[in-house]
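Both blocks below hold the same protein chain, though in two forms, and each is given as structure tokens: structure 1 and structure 2.
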Structure 1
Amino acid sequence: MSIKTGAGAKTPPPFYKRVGRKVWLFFNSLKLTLAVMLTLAFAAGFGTVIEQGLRPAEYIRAFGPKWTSVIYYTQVNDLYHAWWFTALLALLCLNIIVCTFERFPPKWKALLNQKPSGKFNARIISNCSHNNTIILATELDKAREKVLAVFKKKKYKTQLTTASDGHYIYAWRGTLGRFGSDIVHISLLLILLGSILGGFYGYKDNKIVYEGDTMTVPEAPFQVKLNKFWIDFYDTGQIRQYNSLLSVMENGKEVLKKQIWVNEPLYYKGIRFYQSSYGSAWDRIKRADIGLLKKDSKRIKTTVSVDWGKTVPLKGTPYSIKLMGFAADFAYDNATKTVFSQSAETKNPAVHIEIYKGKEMISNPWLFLNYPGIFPAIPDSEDDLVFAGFTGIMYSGISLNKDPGTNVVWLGALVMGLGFFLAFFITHKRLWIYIKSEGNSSEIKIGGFINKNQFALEKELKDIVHRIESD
């Protein structure tokens, strides 16, 4: 038995390195990019076919119990937040990162440090897909000056090598365009980063605020007060806009006042406030009109307006009335013995009042707008009270949104724009020119390569040849 060890023997790279290499190669593949992109496209499309975020009962109605359990198991009811969808996005990110790491540094070196390569093989020119030969009736050095002047005018960088058999010129422009795709890829990472930031450090909330009320804002050192809500109409009666007049309150003082509407949020200290819904309150009103009449008559003798929560004396009578409650669509729950509103509509409006005679409360009935006198308001009395009208309170539905990632997303979008511009509209053109003496004249051979957009190169070469030939 002999164990060979020695400097000469090649040990295979350790296991983890081989695996690491394989993983790296896996992520460094454009085919993976294509596969992931098309899978993402397909999955996202699937998510638009299965309606998202329904309640289980609704899925069961649409798909039956068996498929519903499949839906929940695969999380396609919330597909865009399913772990496997997130994993696909992560795969794309890794793919981008690895590709960029692999390709960017060598590209950077090759493109930005174009060191003089000296004399190149003139055959490179005839190998170019686009090449031209020009004969100029001038001597060699004049021809060289001419060519260099044309390239200077066309904003090319040039590099001249003079050898015994003539001049070799390498000219290039649009190098930056080669970095466009890298910039696009980095911008994608930025956008994803922004959305992750928003997911971790932001929140969304919906609040219902009555006119005159103040809402507390989570994680913020201020409150917001709704002064007024109103709707604008077109002449035709169609709704034109929903508006809320908001005040930002800090330590009880108003620091900012702003009217918001759909499409025009309030932005304050990182939080946005949007107009999102509205309605009239179903459990509250601004004031109620209460009328006094004799039990056997239909004629109201006096009325009084009572503000919410206030006690008001009914003039010319011993009574005072306090407005306690309201239900837009009165209903009574026998089990809990509580009153509630069945809907937000004013189908059966009712007010809850307390009636005082002097200091003593003599009754606390519910009165119904649609059924005056149905129950006696004051027991054992000739007098009765009816609910004669009311002024409702509007509420405004305000959405709150704090998303510290939004600006990162916008930054990413801007960077992407820059990347697109470089990638699609700045082409990297490289030209090789060889000038040699042919008797009294000079022969100029030009050949060029372009990374994309062959037409542009064709046109460019035509223009260059034209400029060199004309004086």
Structure 2
Amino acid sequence: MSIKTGAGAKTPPPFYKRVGRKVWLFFNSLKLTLAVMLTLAFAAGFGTVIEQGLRPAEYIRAFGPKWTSVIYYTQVNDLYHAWWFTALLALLCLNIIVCTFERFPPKWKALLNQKPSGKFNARIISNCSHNNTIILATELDKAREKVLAVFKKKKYKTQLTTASDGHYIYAWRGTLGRFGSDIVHISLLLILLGSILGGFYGYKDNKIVYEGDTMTVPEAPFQVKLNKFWIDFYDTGQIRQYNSLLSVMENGKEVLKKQIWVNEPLYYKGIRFYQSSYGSAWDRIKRADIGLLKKDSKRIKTTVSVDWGKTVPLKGTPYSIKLMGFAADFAYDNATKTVFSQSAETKNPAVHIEIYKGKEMISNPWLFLNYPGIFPAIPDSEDDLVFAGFTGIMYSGISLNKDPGTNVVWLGALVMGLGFFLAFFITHKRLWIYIKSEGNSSEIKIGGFINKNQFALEKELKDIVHRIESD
């Protein structure tokens, strides 16, 4: 079997070219753009609803074991590092690149090679949606010079062709406006690149720091110390702002000190430290007031203040007290035999102390502020101890944010602003002018096209006609 081919028959393109064309058309598709962007928006919704980076136990408590396994299988718990989310971003990048390459070369060619004026005739002007005819009582060459002078004042570029039947002028302005959409495409690529950089090489974290403590900074060769935390109030008693005085420590030395508050972070070596929250510690206090009384009496004989972690002698007795622990809202887990605070509120405050007689520890009870004397503190003694009060300690909540893609995203935002400006405020106007002699006068025909905003072209032509007709 043979296939006959005539002299004019076209040979089909090779297989790889046909496949390549289909792949190119797939990426050069507005439907693909919409599908990917809608999918990304839907996925980002999951990332908002499902808190990121929690421990498995917290997901199990919130969603149950079955849904927790689904969350971990789909990597929704770390959405912005998930392989499929990154694949969607890469697909969107390819889509934008192909669309840009598909549309950019013709525009660039039009910018470099403007249409020569000699290739059109007067019928082109008649086909323009906006056209005007002017009769000037002047000879042909003077009319031409006047028209050229008007277009020069209007900042138009012009091409002049002189023929036997008159002068042909092609004028244009605002070609850069045609590149607004391409610049927006480039800005989107920069923003996506910045997001990918931030997702892979950045992180977000939250730390609770007490005054005088030093926190470690992930992936950084320095630490940050909280020197002081305080709250500023208005005259009405309302909170104005809360502040932290931070020191950056490198090799044990202070290299930077800065006061931070909301919207005023500390920035050091690519990491920002934000003042995000504050509160009273639920697991420690500054000092506790411990009262001594007789078991058969509810009257406190003496009170001693014990600083956190310190041992203080109880005057008039052979005992000394050491403050070891605190729970703002006391709770006990029978399974693990551990004490914890079930909330940050001081609903059921309790302190854990050690009682020494000489150097021997004789007891380590929990004392409850709301239930004094519920459990005997000192065994085999007529004396007892009660929790009489405490001085709390404030903590500062510091948010850490490392995002190496931030500057790239900001650059993309600036480029996008430039693209929108070119797209919406720079219009590409193209005008054709034909000038011919009519006895002692000259007839001027003007017509034009604009890529958008037809009203602006109509107004522009009226102004040009007025300038040509005026002396």
Ligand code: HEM
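All values derive from a computational prediction rather than experimental measurement. The term rigid core refers to the maximal set of C-alpha atoms that superpose within 1.5 Å between the two forms. Counting starts at 1 and follows the sequence of structure 1.
**Request:** Quick one: identify the form predicted in complex with protoporphyrin IX containing FE, either 1 or 2.
**Result:** Here the form predicted in complex with protoporphyrin IX containing FE corresponds to structure 1.
**Message:** On a rigid core superposition, would Asp289 pass a 2 Å threshold for CA movement between structures 1 and 2?
**Reply:** Shift at Asp289: 2 Å or more after core fit.
**Message:** Quick check on Gly270: with the core superposed, does its CA move 2 angstroms or more between structures 1 and 2?
**Reply:** Not so; Gly270 is displaced by less than 2 Å.
**Request:** With both forms fitted on the core, give yes or no for whether the Cα of Lys258 moves by 2 angstroms or more between structures 1 and 2.
**Result:** No, because once the rigid core is superposed, the C-alpha of Lys258 moves less than 2 Å between structures 1 and 2.
**Prompt:** What is the C-alpha shift for Trp84 between structures 1 and 2, rigid core superposed, to one decimal in Å?
**Reply:** Residue shift at the C-alpha: 7.3 Å.
**Item:** C-alpha positional change at Cys93 between structures 1 and 2 - rigid core reference, Å
**Value:** A shift of 3.6 Å at the C-alpha.
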